[in-house]
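One chain comes next, on its own, written out as structure tokens in the form predicted alone.
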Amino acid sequence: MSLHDFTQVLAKTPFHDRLALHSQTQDWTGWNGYQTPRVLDTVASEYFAVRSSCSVMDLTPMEKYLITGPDACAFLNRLVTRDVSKLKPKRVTYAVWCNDEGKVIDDGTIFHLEKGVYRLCAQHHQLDWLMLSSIGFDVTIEKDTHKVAALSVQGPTSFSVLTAAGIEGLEKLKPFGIIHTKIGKIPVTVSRTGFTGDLGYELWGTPKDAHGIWDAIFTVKEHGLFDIRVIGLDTLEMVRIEAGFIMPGFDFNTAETTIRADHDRSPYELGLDWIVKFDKPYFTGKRALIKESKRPQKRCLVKLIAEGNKVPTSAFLFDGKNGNKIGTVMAQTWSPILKSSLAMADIDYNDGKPPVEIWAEIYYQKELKWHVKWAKCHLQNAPFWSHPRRSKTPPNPV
């Protein structure tokens, strides 16, 4: 092993050379051992690429596991809370998996690539938990994070951009569907998935084909047909909050990382009861979750809209009726498209019900002086932002 291998702190993805050409800030950070951009140009320009045109993001650092073997489906069905046996080939589903106490280990997506071949994508390292959970199953689990180069192409013109880049069959691809196709002469798997809540796709190829996949997309921009921008993690944080998607390790503590008792969360405490299915064979945490489902909810991760234009960064939340502290804002953003302050907050419930009146204590700095402001907050059940184009098939060409 060369000296360079010892001194390189973060690995570079197969797209790094192309990313670096687009970076005006050189603002990099770490993601699962890879060097990845936080912001390449400005957050504003990247944000509106997602919501108004077409954005491209490097997804290679996402944890990916290939799961095969005669018991692959049975193993996954034992692992997660929803019924994987109903997931047909060339389809994708969202899932969470728990420990025996019914507390969430992580969440992610399960891709049924072809009959009996699955890929599990997760936010955090899961190989140890997967191997432990696979005891007794005839299944092969392989970490293929480094073997798959992945791009997320999102936004209202993403369908038109990828079609112009030479990908055929997108007009028939439904949300959470998969096609195995080509971009030019390069084999690529395309899924109609994403973390933005908008129309979008994810492209999965090999590292050796990464430059070819990237260049095929950006050649469309060079021809002056569409505006395409590369985005980083800061923009992704904004749009995922708008879409109401949760982030393990940011919005809640995962069961594997929690140190103090009662600081982890169950699917019920994250508003994910809709993917807990008791009418399927036993899964890890089922007994604990059955018991929890029969008790009034004590707390929950909720979506809030705060009045005014101050973002409730890490704000404490209070019950407007009695003044008691009831929770904390976990993630927050100002939504340019909604002109609102949005938050994901962990709050206490009273006899299974959320407080009627919620106020946020917001501290903010202005010209090096700190100020405090109180903002009334409103619970939001649906995603903050959603657009019909996300699910329309075929998408309207733009």
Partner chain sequence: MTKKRNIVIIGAGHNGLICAAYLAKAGHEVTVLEARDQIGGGIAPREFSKGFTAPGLAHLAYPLHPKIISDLEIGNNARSKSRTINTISLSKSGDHLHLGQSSASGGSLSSEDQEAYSAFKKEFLAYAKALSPLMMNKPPRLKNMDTKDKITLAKLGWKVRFGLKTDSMREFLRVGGINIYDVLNEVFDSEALKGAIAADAVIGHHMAPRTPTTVLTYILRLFGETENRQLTSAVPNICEALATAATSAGVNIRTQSKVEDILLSDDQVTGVRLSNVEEISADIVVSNSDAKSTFLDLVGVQDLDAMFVHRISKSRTNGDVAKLHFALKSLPNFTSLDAESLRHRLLIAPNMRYIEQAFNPSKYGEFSERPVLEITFPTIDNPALSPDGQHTMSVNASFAPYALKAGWDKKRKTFTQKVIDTVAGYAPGFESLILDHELLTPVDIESEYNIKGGHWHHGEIAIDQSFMMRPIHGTAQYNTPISGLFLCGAAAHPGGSINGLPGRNAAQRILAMTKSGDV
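A quick note: this is a predicted structure, and the numbers were derived from the prediction, not measured. Numbering follows the first chain given and starts at 1.
The same protein also exists as the form predicted together with the partner chain; that form is not shown, yet it is the one meant from here on.
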Between the partner chain and 78, 137 and 285, in the predicted bound form, does every residue show a non-hydrogen atom at 4.5 Å or closer? yes
So, residue 245 and the partner chain: in the predicted bound form, are they within 4.5 Å at any heavy atom pair? no
Taking the shortest heavy atom distance, is residue 100 within 4.5 Å of the partner chain in the predicted bound form? yes
Counting only non-hydrogen atoms and a 4.5 angstroms cut-off, does residue 133 reach the partner chain in the predicted bound form? yes
Examine residue 318 and determine whether its closest non-hydrogen atom to the partner chain in the predicted bound form is within 4.5 angstroms. no
Only one of 276-284, 224-232, 200-208, 292-300 has heavy atoms within 4.5 Å of the partner chain in the predicted bound form; I'd like to know which. 276-284
Quick one: of 195, 94, 129, 268, which gets a non-hydrogen atom within 4.5 angstroms of the partner chain in the predicted bound form? 129
